[in-house]
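Below, in structure tokens: the form predicted alone, a single chain.
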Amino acid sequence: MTLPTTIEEALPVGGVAAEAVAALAAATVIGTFVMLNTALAGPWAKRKITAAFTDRISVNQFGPLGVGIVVPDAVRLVSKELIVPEGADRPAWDLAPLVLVFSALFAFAVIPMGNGVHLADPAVGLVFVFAIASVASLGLVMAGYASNNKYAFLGGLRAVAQNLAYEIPLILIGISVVLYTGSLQMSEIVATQRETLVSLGPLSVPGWFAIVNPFAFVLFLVANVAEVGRNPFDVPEAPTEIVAGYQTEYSSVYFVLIYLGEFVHIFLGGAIIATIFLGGPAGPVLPGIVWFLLKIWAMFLFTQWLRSAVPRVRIDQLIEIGWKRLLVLAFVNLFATATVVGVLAA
């Protein structure tokens, strides 16, 4: 008997099974890649960055620069008792942490991370990213409502109000990018930004949308910070007002999942900004995946700087900024972009 030597021979169902296995393997690799970055950012990088900004000593006893703290921290959190609040809506309470994590992980499926590092490239890639990322709002509502706790419930309501106020400007600014590139496909958006905008002797300035339209870039950056719930917009879990918001009643592995979900969304926000404004994995000399990592970590560093330098706004100020300021400016940017694109196309 001859043993199969390829996946197609082992699973000869018109290649469909082989393709499914290959897709699952690729998804596992990308998911692991994202989770490793997130695990490094939460327990270690966040502490080191905050300590540097506030002139304190951070973790330094486990491994080089204290990076080994990730392992004991994970063991400590997972080994804690899982306490279920009395009167909790158990199905929703159990599902909420999973929704928060996987809503961000699924969105990475259409993000081009480098040459050949791209799980899927649908024609409506940008719409898919916004749609999947917005599912996190459902997880926040589920966590707040199902906990049977007034502080958690208030945190869930704040999260919904905040997401509604800032997701609409995000989408409008994303539409301005689509008007410029002429495509919703993520690979096409990246390819358009590879074109040279200006040549200055031996140097060439790429057509990154952040350079073409810095106004849209700044607006998207502000809206993204609010969307991922970082200072000054971390109102849904404000500890001085509502204890810890939607995550008040969570402990052990469920708390780890919620904590992980927050950082996955931060990296997803950085990945979206890198893709539609900073040329995606494009960059000189270094491989594309390295440039992609540098860009999303730069966005993470920016959010941590805000956490240490900018005070939290009140909930009424947050809603006013979103609906009365950012939304109006997003419409202005959309109209201006449409006008410029129309004039250039004429």
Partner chain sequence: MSLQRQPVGETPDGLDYDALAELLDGYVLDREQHLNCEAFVIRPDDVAAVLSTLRDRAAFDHLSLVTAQEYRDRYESIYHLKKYDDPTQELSLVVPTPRDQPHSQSGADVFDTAIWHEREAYDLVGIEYDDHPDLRRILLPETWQGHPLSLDYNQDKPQIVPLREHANPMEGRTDVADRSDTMFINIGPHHPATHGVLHLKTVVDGEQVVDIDPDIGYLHRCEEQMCQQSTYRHQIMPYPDRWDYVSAGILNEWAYARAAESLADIDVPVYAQVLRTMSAELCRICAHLLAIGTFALDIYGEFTAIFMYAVTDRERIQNLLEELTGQRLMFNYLRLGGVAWGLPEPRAEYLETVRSVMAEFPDRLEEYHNLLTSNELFQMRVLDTGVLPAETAKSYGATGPVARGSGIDYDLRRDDPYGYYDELDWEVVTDDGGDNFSRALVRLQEMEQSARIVRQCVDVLADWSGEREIQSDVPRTVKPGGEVYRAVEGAKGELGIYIRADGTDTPARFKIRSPAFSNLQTLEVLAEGEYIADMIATLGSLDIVLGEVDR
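Computed from a prediction, not measured in an experiment: that's the story for all the values here. Residue numbers count along the first chain shown, from 1.
Keep in mind the form predicted together with the partner chain is missing from the figure; the text below concerns it.
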| One stretch from 144-152, 170-178, 118-126, 204-212 that, in the model of the complex, holds residues within 4.5 Å of the partner chain by heavy atom | 144-152
| message | Contact with the partner chain in the model of the complex for His265, defined as at least one heavy atom pair within 4.5 Å: yes or no? | response | no
| Hey, in the model of the complex, is Leu36 touching the partner chain, heavy atoms inside 4.5 Å? | no
| said: Is Lys295 part of the interface with the partner chain in the model of the complex - any heavy atom within 4.5 Å? | reply: no
| message | Using a 4.5 angstroms cut-off on non-hydrogen atoms, would Ile321 count as touching the partner chain in the model of the complex? | response | yes
| message | Can you work out which of Leu40, Val310, Val29, Val290 has a heavy atom no more than 4.5 Å from the partner chain in the model of the complex? | response | Val310
| field | The single option of Asn231, Thr248, Thr192, Ser103 touching the partner chain in the model of the complex, heavy atom within 4.5 Å | value | Asn231
| Out of 44-62, which residues reach within 4.5 Å of the partner chain in the model of the complex, heavy atoms considered? | Lys46, Thr50, Phe53, Thr54, Asp55, Arg56
